[in-house]
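Below are two forms of the same protein chain, given as structure tokens: structure 1, then structure 2.
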Structure 1
Amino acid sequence: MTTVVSKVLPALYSALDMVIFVRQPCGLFQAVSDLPAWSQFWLKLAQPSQSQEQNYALTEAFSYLSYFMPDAEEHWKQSALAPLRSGPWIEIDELHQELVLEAGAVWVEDKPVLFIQRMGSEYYQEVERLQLMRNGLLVREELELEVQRRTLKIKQREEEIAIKLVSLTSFRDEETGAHVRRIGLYAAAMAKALNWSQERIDDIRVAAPMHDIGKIGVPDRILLKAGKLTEAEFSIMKRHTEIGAKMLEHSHIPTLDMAADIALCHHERWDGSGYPMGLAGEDIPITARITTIVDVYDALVHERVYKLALSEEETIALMLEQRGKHFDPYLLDIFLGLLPVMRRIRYQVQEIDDLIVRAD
């Protein structure tokens, strides 16, 4: 067996293009394998003049090893059988050619062993493969960014279309472009706080402003009436929820499908006393529950032709009275935690930026 090993090992070292050293107590490294031709130039530099044959100060020849040796020493202290690799580095030989080397530390038969291996063409193939992968990732990242840019443009167009559609009702009642735009921003802020995906956040920002689009189907004599509506008139007014849903449903466009749910259910109440279907609790789509909260908040804190604006303090007090009645208590708590954000939206999207259209 010893004879076989003695014949096989040199051939194996030669095939792997490596040289094997054992670290001596004095800190030098004794070569215990044949020296490949590529190694002899550096090993001459690493052999102290007073040293015996085959003992080398490797860090003097390979400066990169000085960074690796502390880790190698720690590895040897642990008597680790698995090799610790240095990672490849490049040397320039006497012919000014690149030589890619890699070192490894391993514990063999109670001895600290260091090997240095020349990396062949497979190293350059791996570098090329990694570069191709990197280039592919860069291309994919650029494509993803382009998709994001185009998606953003589409969402911006959808939002603008939604605002334009809703503005049709602004010619017939007291609502303003600023109001519907704020509704979308409020709703998006709540969706973000609920950790929705960016796609759903964008959807509700566009969909929530369309909550009252069905008012376009309500007669002027009811929509513009200054006084209190009769029971019959209120029954007709309530139909704006169903009209809006029918205008928006069955589009197979996620944003419009969401808008249809909101239009239909934004007057439902948590306790089941709302309309048009008397839904209660979580049977009401969460998108509608969110829109209900932000719509009431914005309506109360802003002046309209039929009412004065309330202070935010008064508004919050009224909304808290409706916690668990009109409003989903959990979502109302989320909204209240976002008041600084909501306030900033109010200040940034002002009524003065829009034409308020009122009936004569």
Structure 2
Amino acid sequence: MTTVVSKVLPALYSALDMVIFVRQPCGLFQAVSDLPAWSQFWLKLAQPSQSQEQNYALTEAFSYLSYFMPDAEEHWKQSALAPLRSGPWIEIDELHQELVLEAGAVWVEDKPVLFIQRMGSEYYQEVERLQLMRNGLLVREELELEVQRRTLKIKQREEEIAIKLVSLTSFRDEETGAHVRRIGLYAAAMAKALNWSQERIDDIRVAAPMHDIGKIGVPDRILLKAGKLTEAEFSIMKRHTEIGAKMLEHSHIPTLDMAADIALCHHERWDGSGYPMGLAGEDIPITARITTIVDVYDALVHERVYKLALSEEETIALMLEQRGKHFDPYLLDIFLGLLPVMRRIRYQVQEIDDLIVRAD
């Protein structure tokens, strides 16, 4: 039996292309198997002196092992029978050939055993497998980026079309293309500060400018009336919210669904005193609560046919009076924290003269 084992084991080590060591109390490693040809160059580097033949300072030859040893020592301390593997590493030999090795620590017959195996075809198959998968991931990433690029282009076109459409309705009253564009940008800045997803930020940037689109259904005699509206006229004027919502709803396009909510609810007030439904608090969609704030801000700081522009200080003072009444207090605080951003948008997006058409 012993003879059979003594013949089988060396053949097995050779077939597995591995060399076996036992860790000595002095920290050196004694080879207990034949030394394969590939190992001899390295083991020469690891031989401390002639007197200690077959005992090797392996970490001198393989610096990678010095970082594996603490794990191996821990493993041996636990007398673990299952091998702990180091993971593969690559050495370059004296002929500049790549040599892929992997070490393992195992407790055998009360001895701390370390084996170093030359990785064969299994390693290269694994490399091939990972190369294929990573190439696939790279292609997927590239396609995703292309989809994002194209989606952005479509979004920009959608936004342009929306602005053009809204600007057309504005031809009938004093609102301008620049105003509607600013409303979208202010709302997007709010959404960003609220950590919304990029998709929803893009949606509100396009949707908020459509808040007054229903004014297209309000007769000129009311929409363009210079004086105060009668109660009956105001009732008709208020209908622009529902008209806008009807124009925009049921499209199954998220941006237009959001625009429908905003058109319907942008005259609702936090305290429930708004129209058309008298909704209060968080029953009002957040998109509409945001639009209400930015629409009022932009209207107050700009001149209209019926009023002069207010200074920013006056505007903020008026808006603060409406905190918790007209406006969602939390969102108003967010808005006020973003004033430098809002100011920048206001100055950068100026009136576009050729879009201003007033009834003379």
Partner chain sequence: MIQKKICLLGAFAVGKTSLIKRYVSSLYSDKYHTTVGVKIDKKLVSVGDKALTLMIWDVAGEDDYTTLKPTYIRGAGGCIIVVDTTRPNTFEVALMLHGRVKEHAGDIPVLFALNKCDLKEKWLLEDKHLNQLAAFQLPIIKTSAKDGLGVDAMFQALAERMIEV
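Note that the structure is predicted; figures quoted are calculated from it, not measured. One-based numbering along structure 1's sequence throughout. Superpose the two forms; the largest set of C-alphas matching within 1.5 Å is the rigid core.
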### Structure number, where the criterion is the form predicted together with the partner chain
2
### Task
Could you check how many degrees the smaller rigid part rotates against the larger between structure 1 and structure 2?
24
### Angstrom shift of the Cα atom of Thr59 between structure 1 and structure 2 (superposition on rigid core)
6.6
### Task
After aligning on the rigid core, report the distance the C-alpha of Trp76 travels between structure 1 and structure 2, in angstrom.
8.9
